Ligand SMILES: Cc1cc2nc3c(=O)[nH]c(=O)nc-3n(C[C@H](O)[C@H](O)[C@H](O)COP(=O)(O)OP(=O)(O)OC[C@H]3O[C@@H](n4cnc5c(N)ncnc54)[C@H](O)[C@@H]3O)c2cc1C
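Starting off, we have a lone chain in the form predicted on its own, written out as structure tokens.
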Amino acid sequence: MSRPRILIVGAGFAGYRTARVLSRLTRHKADITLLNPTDYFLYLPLLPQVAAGVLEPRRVTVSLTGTLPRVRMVLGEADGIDLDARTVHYTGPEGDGGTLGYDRLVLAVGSVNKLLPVPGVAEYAHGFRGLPEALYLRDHVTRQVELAAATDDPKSCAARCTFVVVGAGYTGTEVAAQGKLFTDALVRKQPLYDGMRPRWLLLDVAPRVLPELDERLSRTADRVLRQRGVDVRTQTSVEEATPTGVRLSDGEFVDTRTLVWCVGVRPDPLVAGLDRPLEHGRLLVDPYLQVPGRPEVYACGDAAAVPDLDRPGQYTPMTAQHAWRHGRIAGRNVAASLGIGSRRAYHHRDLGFTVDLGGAKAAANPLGVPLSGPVAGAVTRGYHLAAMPANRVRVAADWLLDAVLPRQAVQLGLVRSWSVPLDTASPELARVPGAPAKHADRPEGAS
């Protein structure tokens, strides 16, 4: 008899962990296929350090073929699922299509940028969900500082060295914290007009930064940001974005060439086309991560609404911590459905949170113990090294080099602004070079 076919769609935290678990448990008893747009798993929590020049890009990527034995990798993006025929249609990186069949399906397609109906944002802002976006932001910030240092126009200098980050959650807070250190280091080598300093604004409609975390962590992060010189504005939003700046909800117009959109994420729209019950865009599953009425289909990560058994009536939040643990349970339960081991319901024990604020600064509450300063920084970096499935030595080496050597501030020119549009459904995919339609007429320096 032929071996059962397991198809995993997506290689984020949930999909990658599912594949690892199944590779170990099933051995050669099943054919495992992993469909993903890229050939790597991206360790998202360290992406702000890539944008700030602390880590090299490959440090936060983990090779799928190199770390997932007995798993067949298919490059492509799923664009259609036929539950009755048990097939998934996908489009490959060069535009060719294909179809994959399955006996067990694990949907771990994750999330995409959340767009709000704010005029100009889709055209002039950039998100921060993938490696191309981090590389683009690092080049863009470096270019703005270099252009500012070369001009004699104080207004142009100020605009180019003003950086606006919208969204004070995990990503936005870390981008602003790391970015301020990065630009301060840049201007030490090339001073700006009349002693100007880079200006970073962090905006959020919430009453405090990191609103989803404990108030003590929020206060710690807010204090570090303000001491560093970041202009933190809560209960403030963007009402309009233009090529030369943004208009805020309080009426102020901020001249800037940089708008980073970190307002959150929404579930990948792929799951909405399955005609199955949803919870705020997420596919409803039972505590075993199975789709009701479709026992051969499992879902996990940001695209799945997983019941929180410790809080009846609620669902686990869309975080990497949950997605990583979803993947473990999904892998075990898929294997159990094939007669290997026994299935388990998903239970989560909160181990705390860490927020890296750059340098030796961080905010953390491991096991509920609030920490700040260098101790929190050490705990945060220790946590990331333990959590990463590969590249630990390389990451630690980059951290050591960053502590003793100046950062290399150069533009690599690898990613163009039009290849990382905010409204893309797959932020991991940079578009194939061609005519950059909607960004072609943008003024120089406004990208």
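Counting begins at 1, following the sequence as shown. Please read these numbers as outputs of a predicted model, since none were measured by experiment.
The form predicted in complex with the ligand exists for this protein as well; it is not shown, and the discussion that follows is about that form.
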Exactly one listed stretch (189-197, 160-168, 294-302, 141-149) reaches within 4.5 angstroms of the ligand in the predicted bound form by non-hydrogen atoms, and it is 294-302
Find the only residue in G245, G358, P307, G76 having a heavy atom within 4.5 Å of the ligand in the predicted bound form.
G76
The listed residue (L35, L68, L422, V54) that reaches within 4.5 Å of the ligand in the predicted bound form by any heavy atom is L35
Any chance all of L137, A176 and V410 sit within 4.5 Å of the ligand in the predicted bound form, going by non-hydrogen atoms?
no
Taking the shortest heavy atom distance, is V60 within 4.5 Å of the ligand in the predicted bound form?
no
Whether R129 contacts the ligand in the predicted bound form should be assessed with a 4.5 Å heavy atom distance threshold; does it?
yes
So, in the predicted bound form, is G110 in contact with the ligand at a 4.5 angstroms heavy atom limit?
yes
Non-hydrogen atom contact Q235 with the ligand in the predicted bound form at 4.5 angstroms:
no
At 4.5 Å, heavy atom to heavy atom, what parts of 343-369 sit next to the ligand in the predicted bound form? List them in sequence order, or say none.
F353, T354
